[in-house]
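The form predicted on its own is given below as one chain in structure tokens.
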């Protein structure tokens, strides 16, 4: 089986790539964009460039594709150019595993099940480019493909397969080591998922015949404040050093309050457990 991981040098993609390398009989290719690559055998590729993308795709001929590329403020271009071009190359026999986000539920009235309607943020919102591009990507995939898995995930945390921490926990540790207090919001409720668990789920979907939309993560949810208090304690710090951040917001910067995901469906599709 040939598998290609687009974004194999990223926080999640690196874990997926490393796990796939450990599966006998799996030929794994991966791409990166920004130097340095985290693995020596990755291929440098700008997925938004049609000609180089087409050439690479024809060379690799993947049976399964993992799209773990993320571009934040440039996410819309990534979807309009890179993902749309990818879809034109995919045959019915090629499976796509796409990593989406809980931000497709921008109205913030969770918990949400897989069949609930997605929503967009107003165009002037500071986070609209990323959130709305994820909604757009899901629409492209569900309209044009049948052999796909869309994995929606909340905040991804933890140490990945190459020892890299998520930025939020890294900043937490940095501040606490300096003896500083750090604040997180208590009114933003999420389903947090460990990077290792999400990578494990992706590798299972690569090897099985399941398709459709799934919410990845445990059956528990926390506010950012509650969760980061736990992270501080697990790292040996006093949890009381994590304080509640102010909840006042400007209208065009208001963050969806509750994007909790109902994760019951995925427990029937994979063996992976969530911590």
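Numbering follows the first chain given and starts at 1. Computed from a predicted model, the values in this text were never measured in an experiment.
The protein also exists as the form predicted in complex with a small molecule; that form is not presented, and the subsequent description refers to it.
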With heavy atoms only and a cut-off of 4.5 Å, decide whether residue 101 touches the small molecule in the predicted complex. yes
Examine residue 20 and determine whether its closest non-hydrogen atom to the small molecule in the predicted complex is within 4.5 angstroms. no
Quick check on residue 263: any heavy atom within 4.5 Å of the small molecule in the predicted complex? no
Close approach of residue 154 to the small molecule in the predicted complex, 4.5 Å, heavy atom: yes
At 4.5 angstroms, heavy atoms only, are 9, 70 and 134 all close to the small molecule in the predicted complex? yes
Could you tell me which stretch in 62-70, 209-217, 231-239, 22-30 has residues with non-hydrogen atoms within 4.5 Å of the small molecule in the predicted complex? 62-70
Picking from 86, 150, 121, 78, the single residue whose non-hydrogen atoms come within 4.5 angstroms of the small molecule in the predicted complex is 78
None of 247, 55, 250, 46 but one has a heavy atom within 4.5 Å of the small molecule in the predicted complex; the exception is 46
